[in-house]
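To begin, one chain is listed below as structure tokens, in the form predicted on its own.
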């Protein structure tokens, strides 16, 4: 999330009651969680396991719960609860804005676009030219949709990220302030759900086609001209490159890359990154021909056991 205009270290420290380390005029131009940080961003860290990663990231302001040396060119905000304070900043700079109409007057809708009855279009949504939005589609605030996009009935675009911090009293939700950005000539089937980024964008590249009941998690980037069959589920912060095909009920874990033109066969599970241009199958997923051979070998086990028993009786 970008801050326009940018704010100073001293201003942010006063807002959250944190101790500032660094130049009081040090500029903060955005809020981002660690996976999406850029120069000028404020990010937070509240676990020793991730201190070094955050301190050495592109973020130039670190909200942290420990007194540490400030890296050169950066600034620190020392807080007893960075997660709480980060959420406060998100709510402060992007407060919830209720809608009073099914199609917000703050939305921009291109020429030739048709929105069928029962669909909701939120605040600051941008929809391009010649799109077709079927009945009962929900498009949350700040979503960006290109030209000639088709979205089928019951799909939800831009719901909050599934991102929680576990505390002794229960789960504390991380506020979402990102967007969904959908390219030109995309078609999204019925009953799909595409979550917005926590602080950045969830992206669906141009020409990509989704079947029904697809789920895409927060901050995932799907490339151009991909094809997803029914009931594919993709976790957050995945990067799926151009022309990837995921067949029915494929599950993709978080924070990995599937290379260009890879194909993953139905009901496979993807727990780690996959190389480009290969066909994969199984769980955990592997090169499809090797996995098929493994299954063939497994089918031979009963016969092998029977032969062993017969040899033991001799």
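Positions refer to the first chain, counted from 1. Small disclaimer: the values here were computed from a predicted structure and weren't measured.
FYI, the form predicted together with another copy of the chain isn't displayed, but the following is about it.
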Contact check for 11, 40 and 67 against another copy of the chain in the predicted complex, heavy atom at 4.5 Å | no
Checking 257, 249, 29, 58 against another copy of the chain in the predicted complex, the residue with a non-hydrogen atom inside 4.5 angstroms turns out to be 249
Proximity to another copy of the chain in the predicted complex (heavy atom, within 4.5 Å), stretch among 74-82, 135-143, 197-205, 87-95 = 135-143
Is there a heavy atom of residue 178 no more than 4.5 Å from a heavy atom of another copy of the chain in the predicted complex?
-> no
Give a yes/no on whether residue 160 approaches another copy of the chain to within 4.5 Å in the predicted complex, heavy atoms considered.
-> yes
May I ask you to state whether residue 108 is within 4.5 Å of another copy of the chain in the predicted complex, using heavy atom distances?
-> no
With heavy atoms only and a cut-off of 4.5 Å, decide whether residue 213 touches another copy of the chain in the predicted complex.
-> yes
In the predicted complex: members of 148-184 within 4.5 Å of another copy of the chain, any heavy atom | 152, 153, 154, 156, 159, 160, 162, 164, 166, 169, 170, 171, 173
